[in-house]
Structure formats: structure tokens, C-alpha cells
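One chain comes next, on its own, written as C-alpha cells: the form predicted alone.
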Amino acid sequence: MSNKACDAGRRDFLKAAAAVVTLAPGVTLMSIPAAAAPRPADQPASATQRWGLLVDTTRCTTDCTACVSACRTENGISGHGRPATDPQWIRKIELRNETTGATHSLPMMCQHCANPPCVDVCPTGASFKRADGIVLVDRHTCIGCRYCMMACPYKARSFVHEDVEDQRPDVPRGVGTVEGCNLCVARVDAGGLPACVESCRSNGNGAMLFGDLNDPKSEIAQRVKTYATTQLRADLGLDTGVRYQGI
């Protein structure tokens, strides 16, 4: 065998070895660096997929806001120094167990419910759910009634009170409309990761995992199957796409 062939084989082996992640004794998963292959622009979202997020709260710390900062940068969100009215697509919250006193810091955003109450109450159809589980707002048909904000049990939507400047091409925003986390849908459709997940990996504690909940071979599906995870307000039967581990 030639030296070139040996080098190529060695590189392939190292790539395969680096892709294996050990979660627990006897449990190994393939680590996928990107969400999926890009979705062709002329193809609709498919119900064969269910995009979701898993947050490991044992890794998420109170002092880390990497996900929040990345979201604001990616989506062109800027405040005016008025917390009561400034938009928040993702925010950090603290949960406290009243029995044990244990506290958990975690990011809160649109939970991308399979049965989203925001969609149910929207009078114009501006709030809608794609076939792959991503919940979105069509700014062109949103009339700013804010019914969806009242219906959301996670307080995950914001109303745009003031004119928006320097908008990002992939994320049109406008005064008088409602908005919220869209899982960085343009990135996902291009085969990438949401900005919060990417930043959590590089600038945070690696607490966030994104992937296809419907794919039994995906890392997120394997993690949900292997470890106990929680849906916030599971009693509402919304079947959220965002799950939390460690609470």
C-alpha cells in the first residue's frame, strides 16, 4: 500500500473515531457537527422530521448568557433600555424546587409545541407550525392583536413596540408585530445549527443539543431515550420540541 493510501486511511479512521461520543458505560452515540443536509429551496418542510432542542441544566450556569447574546446578534435584536418592552426571543430563568430548594438555571424560548396554543388562537393564521415542528410567525399577516402572547404559557413571544433598523435579510422584523424564537430556521434549512446552540458549544458550557427527535439514530433522540428529560408544563399536553435534562 502506498504512503498516500495509508495517510488517507489513517485520516478516515481518525475522523470516524472522533465522531463517537460516550454518554455512559456501554452507550455511545455518533456526534453530528451540523443539523442535517441542506433542504432544497423548492422542497417543503417534511413531517418525517421533528426538530428539537435538549438543554442539560447541569451544565447551564447562571453567569452564562452565551445563548442570549448569540440570539440577539443573529436576529438583529437590539433593545432600547426598557426591559418591559424590549424583545426577548430567548432569556435565562431560574427554577427552584420548593421541596428541596435546588435551583436550576436554564434558557427559556419558544418551546415549539406539537400542539401550539399560539396557533390555535391566532385569528389570521400568522402563527403557524411547519410540518417539521418549527413554530413561526408570518409578519406579513400578523395584525399585532397579541392573542398568541396571552395564550403562550412560556411567555416566549414579544411585541415589537418601536421601529426596527438594520434588519437581517433572513429575519424580517417590523413594528406592530409579534415575534419569537424560530430555531434560526434559515440556518436549519441550510444544514446548520441554531445560533444559540453553536454559541453554547464554543462560548458556553456545551449545554444545548439540537437535532431531529424523529430520527432514532440522532444524538438528541438517543439522549432523550437514554436519560430522563422534562417538558416544561407537560400537564398541558403540548408535546414540546424543547426538552430539559437535570430538572
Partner chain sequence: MKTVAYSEVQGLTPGWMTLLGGLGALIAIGLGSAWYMEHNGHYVTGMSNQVVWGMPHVFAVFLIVAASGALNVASIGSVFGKTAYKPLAPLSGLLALALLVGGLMVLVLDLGRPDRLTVAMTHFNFKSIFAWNVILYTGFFAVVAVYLWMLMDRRMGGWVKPAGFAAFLWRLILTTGTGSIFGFLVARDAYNSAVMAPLFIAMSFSFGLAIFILVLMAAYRWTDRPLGDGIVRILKNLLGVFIAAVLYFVAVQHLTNLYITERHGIEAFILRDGGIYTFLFWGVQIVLGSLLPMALLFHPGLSASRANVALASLLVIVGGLAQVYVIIIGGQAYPLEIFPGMEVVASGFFDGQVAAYSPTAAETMLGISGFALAMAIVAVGATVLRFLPVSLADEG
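Since we're looking at a predicted model, the values are computed, not measured. Positions refer to the first chain, counted from 1.
The form predicted in complex with the partner chain is left out here; the points below concern that form.
Check your understanding: Would P83 show up as a contact with the partner chain in the predicted bound form if we use heavy atoms at 4.5 Å?
Key -> Answer yes; at least one heavy atom of P83 falls within 4.5 Å of the partner chain in the predicted bound form.
Exercise for review: Spell out, yes or no, whether the shortest heavy atom distance between L232 and the partner chain in the predicted bound form is within 4.5 Å.
Suggested key: Yes, L232 sits close enough to the partner chain in the predicted bound form that at least one of its heavy atoms falls within 4.5 Å.
Point to revise | Contact set, 93 to 114 vs the partner chain in the predicted bound form - heavy atom within 4.5 angstroms | key: Result: I93, E94, L95, R96, N97, E98, H104, L106, M108.
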